[in-house]
Every structure is written in structure tokens, then in C-alpha cells.
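A single chain, nothing else alongside it, follows as C-alpha cells in the form predicted alone.
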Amino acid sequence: MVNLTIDDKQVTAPKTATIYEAAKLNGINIPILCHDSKLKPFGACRMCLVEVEQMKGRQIPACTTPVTEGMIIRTSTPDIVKARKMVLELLLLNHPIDCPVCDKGGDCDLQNLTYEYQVSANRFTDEKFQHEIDYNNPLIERDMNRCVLCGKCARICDEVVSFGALTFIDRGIETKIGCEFEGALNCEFCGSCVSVCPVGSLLARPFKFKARFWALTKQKSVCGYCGTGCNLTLGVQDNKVLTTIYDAEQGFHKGLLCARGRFGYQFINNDKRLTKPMVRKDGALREASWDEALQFVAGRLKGGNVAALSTARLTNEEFVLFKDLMKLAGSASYDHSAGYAHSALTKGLSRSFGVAASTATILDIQKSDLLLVIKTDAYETHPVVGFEINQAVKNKGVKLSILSDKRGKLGKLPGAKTLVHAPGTEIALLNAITKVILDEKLTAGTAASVAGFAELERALSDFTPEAVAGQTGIDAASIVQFARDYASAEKALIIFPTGLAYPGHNADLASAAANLAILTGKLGTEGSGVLCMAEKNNSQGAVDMGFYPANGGKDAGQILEDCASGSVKTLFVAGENPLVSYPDRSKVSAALDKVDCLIVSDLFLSETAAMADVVLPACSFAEKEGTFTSVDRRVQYFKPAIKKVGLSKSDFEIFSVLINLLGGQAPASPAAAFADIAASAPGYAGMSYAKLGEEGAFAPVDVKPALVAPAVVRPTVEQGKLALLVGSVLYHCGTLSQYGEGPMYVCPEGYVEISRADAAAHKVSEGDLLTVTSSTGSTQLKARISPRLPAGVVFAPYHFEAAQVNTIWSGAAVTWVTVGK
């Protein structure tokens, strides 16, 4: 720490702080336009000029000048105020004074500073800019006439998002922010540039002319899409969520959001929301009272032969009640997001670490020395985690090693090493890397004493790099170097995703990854461990609450088989849409069609809900309270931002009534249910809503490592066919995002990505309608020719009902398909 004086106040600050940061730390405000805590100092706007006694005669930028011992600083002398007024006059010289119609009005830094410094006239005159306004995309409007050249939009797009869509172009008075060849904005539309723009140059078009900023009620919440656990501030007016508001200090991610988090909130107030219960009568779903619908459901649950499937978007409290309800109905068969979607946690990490959870946190990413990323482009599955990786690599020199069956955006980061392996061979590849570590004695000193060491050595005897090279398509030397890189890093973190459309990301993949961390001693220390990124916003919570098969219960696949065979008479589906998101559509459809009673609680009349006998309108996360647990076990509380839409109820309320109708007693409130969770769930002890606060709390894990020999199933290659990979696409998460206008503006339909080589071989052009056929069915998808896919591999996102990818996706780790026009 250094000692310094700011405005006659004795303060201290870290040696690495700038004057601006030191002042902020000590509650002293210095005006600025070009600064954001996530970006490198830039010194562009000159609003933060200060005087330093040791540098007499100079006015220096506070945001780029480091503090030194004994520095005496004055932030608001008459000369400084005069200089700032002149800066504002110059900025206003060209800036249009269209505040009455600018959506940034009331939230504009330039407007606020002009008011604060009382710049009511301008000594200078010039013509206003006449830049053409970019209305070319439906999410982001660019009006460079309002730009103050702070560069924050271009810098965050490069430094954090790693896309680089915006940059400074031209020089002098002609300087402006633009895109390549001065074209329209063509990027990922995450909106990070919009969030940091201090004026109205970049605007969120979905919010335009919806409300004035000052009329919005700001409600803090937790994002309802992926498992990253990003915090949100929702802008609410008239019981509608109209926008998301940037808060640079909110959450571990400092206000960063991805495209679906920032622009996908419209599902909350979507006109298609279910508002009343429905019961099927005379073959059609007809509106009913809550009492009639719930009495009907209770009667069916009392009849026995019941099973349940749930989305991983329920709250922890709702999962506990749903489980209690199934127990009252006499069933142990309940599961979430299909069994294989969580087996990496519930089976893999459980047997390797003794706990069904990651050992590392998202915060470890920037504290590591090396990131080993397996089968993911985090920018697509968990975009804000991708931002963390980008900042770790670019700002802190963290090394990046990637094992994947296709290339992604992560592979473009500086120094990234990517090994593209044949689909379905990732466990063999990890085993070969593990064997190198064993053979070259790169293990930690205590590794030999870990349970299972000898068995693992024997099991991996055949996984030499040379033997594995043939099946993975990766040369032995690269495998050896990967092993040495990982083992030699002082701190290393392994990252891999799991989810509905990632069937190869199973228990054995988790154990294969865990073996590396255990053998090299990269566990239990900052910047090391394993981070399993589950897909949905409360996938980890579903596991922590035990909402998966145990004690003889059936998993999702077995439940559907029992439905088809008639063993399950009543199926309760909460928030899930298996007809679209589960593999093998015809099998799922037949199973749902066979049950005597299908009960669905959901926000929308999904394809699955349309088949139901009873449909219960459920609330979104914005209308209820509870807790979600992120992929790194950060437990976060959120409360209602708006009143419930129509007559909808939270799943907590629905399950509570049903429990009471079945003779049980439900907790009086979500807070009471969470008190029960805190008393019983490992790691949740001592938590309460009050203690969680706005930042949440980590549920600790007690790791008891054991080495496990992963089973390897070598995929049978079907000659003449292509390997179909299924997964998430950047703009979507499950099927819910189909009801978000923002994601659908950017990515409105399914498609199939095909390599350039295969496109040429099959005479496929961009946009061609291809018939894709597998052993389970056939569907038509538009072609996207992509350089990131190796020959012999195609990829399709699974989110879209219209595309019906699950017609051809079998659920196997690799589905073989043919394509034709």
C-alpha cells in the first residue's frame, strides 16, 4: 500500500492503483467517460484530469497515472474545473442535443456531467456530424453522431468479448468508431458495447421508446438461462420487464451478460404465456379453474404408477417440494434433463471426488496458469465463462489447451493449442494423456497413495500415445506435449460442459478429467481443479437437492421406456419439453402418447404441453422467489421482480397445494423450505436468505479423491456417413430461448454446419436445404458451410421445434448421418 493525499485527505491505496482507482477506493469522485473496471486504462476522454503537487504546471489523466508514495493530488481546483468544462464544450460541439428522444436520456454520463458542470453555453461552433445511423440489425442501433470517442465499445469487444467488431477508423476530426470496411455491425450481439457506452451512440433496440430510464423500477435478479449464475438488473414498468440494466459492480462478472441474458428476457412477458389452467375434455384442452385442475392432478397422483421429469430451471426449494410430492405419490422415479445430462456430476465426479460437484469455481479461471478445456467452446455454452477465459489468456498470460471434436472461438485466443480429435474418442485421448503423466513420473508426490492408483495404471497400459493416435487422429507427439504442458503448470484448471445435448459428456469423461487433476495434485488450491459446467441455470441445484434417480428409481430414459410399456400411467413434466429436447423424437412421442395422464406445468403451451391432459400455467423466475445454484455452487437468492402473469402460479405453490391434497404438509414459504435445505443438504449448512444477500455464498465441497479407470467405448465408424454432433448455439439455451425475441432475431432457426470439404464433395452451397438422415429418422436443415468443422463431421443445434434435430439425433455420443439435397 502507498500513502497519498487526495483533496487534503490522507488515504492509502494499493501500489498498482491509478489515481482514479485510489480516489474511488476512498470515496472521492473523479468524473470520467472512458473508464470501466473491466477494461485497461485508456486516457481518452480527458475528463479525469487532476493536479499533482509533485508535477506542478501539468494536468494529468487520473485513469492512466499510477499512484506513488507521498503523492499530493487535487481533483477539483478552479483550473481543473475550467478544463473539464472546456472538454464538455468540445464534446458537445458535434454531439446532437436530442436528449428528448434519445433512449439514453436520464442514463447518459455526458448529460449528467453537462448538468453537473453547468455547461449551458458553448464558446465554439462547428457543423454537426451527419453520420448515417446503422439500423441494420434488430438488437443494436449505432448512431456515431453521438459518439464521444471514449473507445469503450471497441475495447470491450476486443478485451472481454474477443470479437473485435468495432474499432477506431480515420484520423483527427474525422475519427469515428466503425466496423470493417465501414459496413454494418455484424457480431455476436452480446450487447456489451451497448452496456458500457456512456452516451446514446449504441442503443438496445428492443427497449427503444418503451420507457424513460428514470421511470423504470430496477429489480436485481439472477439470470434464468445457463448455469453461469450471472446477476441481472431488470428494468420494470407496469408489471413488465422492459430491459436489462448494466451495473458494472454487479456480480462476479461485473455486469457482463451474453446475448441471451441481455436480450432474451422477452419470454417473461410474452403474449403466448399460459395464464389459466387447462384440462383436456372431449379431446381438447379447455380452460379450467385451479381447484378443478389441481384436484384432477391430485387424483391421478394418488392412483400410483407415477413418474416425473423436470427442467433444471426450477428453484432449489421447488426441487425439494417436487421430490416430496413424488414420494407422497409413491414414486422414486424422477429425473431432470435426461439422465445422461448430469451423470458427469452424479456418477463421474461423485466416484472421483466423493461429491457431485466441481472442485473449482469460475473465479479460478483468472487465477490459473493453464486452462485445459475439453469439448467445449465456452463462448457458446456459457458465454460469460468464455469472457473470463478470454481475459485470463489476454490479460494474465494464462495458457490455453483445448481438446475438442470441432474448432471454436476459444481456439483463436493468443497461444491457444487445439487438438481436434475424432468424435467419440475424447476419453481415450484423456487416458493417453494420463498414461504419459504416469510413465514420465509427472505425478504429484502423494499420487501413488490415492485409492485406485494401481488399478488405474493397469487399466491404462494399452493407452500409449502411439496406440491412441490412430483412433483419435492426433499424433503421439502432440499427446505427449499436452500431457507435459498440463503436468508442468503450477496451477491448472480443467473445464468441460454437460447438458441435454452432450451425451458424450458422461461419467467416464468426468472421471478421465478428474484423474489428471488428482494425479498431478492440482486440486484444492486456487486456480486448479475441475469445473463441470452444467447447462441450465439450476442444474447443480437439481443435483444438490437430489432430483435424480436414487433408491431404485428410474432415470429419464427408463421412465420414458416405462411410459411406452404402460408401467408408468401418470407422468408429471415440470417445465421440460422432452418432445423437442430429448433425443430420439419418435421414441419420446410414443412414450408421451401412451401414458394415461400427462401433466405439464410450463410457461408456454410447448409441444409437450400440447399433448397433455392437464396444463398448469407456471411462473418465470422474474415472478417468484427462491435460490439457484450455479455451476460452481454459488447459491444465490432472488425475489420477484414483477407480479405473476395472469393466474399463473409458481411451481412452489403448485407442488405445495398438491402435497397438501395428498395428505402431506408443505413448508409455509420458500424461506421455510430453504431453512430445511440448509439443515440437510451438504454444504448448505448455515445459509439463509438473509445471509445469502446479493452476492450469494459458495456451498463448500469436501473432496475425497479416488482414481477411477474410465470405460472407453470406441465408436463404430459407419463408412460413407458423417458424424453428427449436437449441442448449444451461442444465442440459445434449451428450448426456452425460442420465446425470447432477442435470440430469435439473431438465430431464428435450426441449421446444419458442414465442413468445406464435405460441402464440396456433396455439392452443397450455403443455405441449401439438406435432408439429413440417421437410423432414427430424417429431417431437413439449411446448410451452413463452416471452416471450424473437420471433414466427416457435421453439427446441429438442438433447440428448435421447427428443425426437429432430435428426429435424427439418437442420443449416442456419435450419431452417424447422411446428407443430401
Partner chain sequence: MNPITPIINGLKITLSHMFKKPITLQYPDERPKVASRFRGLHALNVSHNKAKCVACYLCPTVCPAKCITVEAAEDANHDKYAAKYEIDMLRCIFCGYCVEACPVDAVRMTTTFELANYRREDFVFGKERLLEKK
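This is a predicted model, so every value here is computed, not measured. Residue numbers count along the first chain shown, from 1.
The same protein also has a form predicted in complex with its partner chain, omitted here; what follows describes it.
When you look in the predicted bound form, the only residue of R212, K643, R714, K639 with a non-hydrogen atom within 4.5 Å of its partner chain is R212. Y135 is the sole member of F698, Y135, Y115, F124 with a non-hydrogen atom within 4.5 Å of its partner chain in the predicted bound form.
A residue is said to contact a partner when one of its heavy atoms sits within 4.5 Å of a partner heavy atom; P100 meets this definition for its partner chain in the predicted bound form. Among residues of the shown chain, K254 is not one whose heavy atoms approach its partner chain to within 4.5 Å in the predicted bound form. With a 4.5 Å cutoff on heavy atoms, K208 counts as touching its partner chain in the predicted bound form. Partner contact region in the predicted bound form: 100 to 108, out of 279 to 287, 185 to 193, 100 to 108, 618 to 626, criterion any non-hydrogen atom within 4.5 Å of its partner chain. Residues in 276 to 311 all lack a heavy atom within 4.5 Å of its partner chain in the predicted bound form.
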